[in-house]
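Have a look below at one chain only, the form predicted alone, in structure tokens format.
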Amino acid sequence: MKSNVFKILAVMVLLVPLGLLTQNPAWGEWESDYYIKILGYLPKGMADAKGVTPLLPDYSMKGGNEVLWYYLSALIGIVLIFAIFYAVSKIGKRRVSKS
């Protein structure tokens, strides 16, 4: 089971640069103007998040290779998500063993 998960993740990481081929933004990465156009308003949570600065804006840093930064962003995201789920599972196991 684990090897299948890693194979799927590897394929997904390899396909990451496909997003560079399109002029359209990825699902959910629309600008505020898009939401206003489609919904007629900007949801409050999104309006409040305008001051949030992403760690890697547009999945890149100045002076770097765009494709390389896409791969690095994907890998950083995967590592962060695995770390969060690993930590949550460890906390859950401790609570179960104490009860």
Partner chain sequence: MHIADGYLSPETVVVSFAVAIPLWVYAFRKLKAKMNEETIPVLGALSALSFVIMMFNIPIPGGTSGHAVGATLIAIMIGPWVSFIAVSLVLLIQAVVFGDGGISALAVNALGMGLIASFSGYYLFELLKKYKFAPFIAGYTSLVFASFFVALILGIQPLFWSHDGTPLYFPFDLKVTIPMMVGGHLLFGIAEGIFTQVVYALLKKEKKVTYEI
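Superpose the two forms; the largest set of C-alphas matching within 1.5 Å is the rigid core. Residue numbers count along the first chain shown, from 1. Remember, it's a predicted structure, so these values are computed and weren't measured experimentally.
Below, we refer to the form predicted in complex with the partner chain, which is not included among the displayed structures.
- Although the partner is absent here, G64 lies well away from the partner chain in the predicted complex, with no heavy atom inside 4.5 Å.
- Put simply, D33 is far from the partner chain in the predicted complex: not one heavy atom of it is within 4.5 Å.
- Mapping the unseen interface onto this chain, M46 counts among the residues with a heavy atom inside 4.5 Å of the partner chain in the predicted complex.
- Using a 4.5 angstroms threshold between heavy atoms, G40 stays clear of the partner chain in the predicted complex.
- Contacts between 20-38 and the partner chain, taken as any heavy atom within 4.5 Å in the predicted complex, involve T22, N24, P25, A26, W27, G28, E29, W30, Y35, I38.
- Put the two forms on the same core and the Cα of E66 is off by less than 2 Å between this form and the one not shown.
- A shift of at least 3 angstroms brings the Cα atoms of G64 and S32 nearer to each other in the predicted complex than in the displayed structure.
- In summary, the C-alpha positions of W27 and G77 diverge in the predicted complex, ending up at least 3 angstroms farther from each other than in this conformation.
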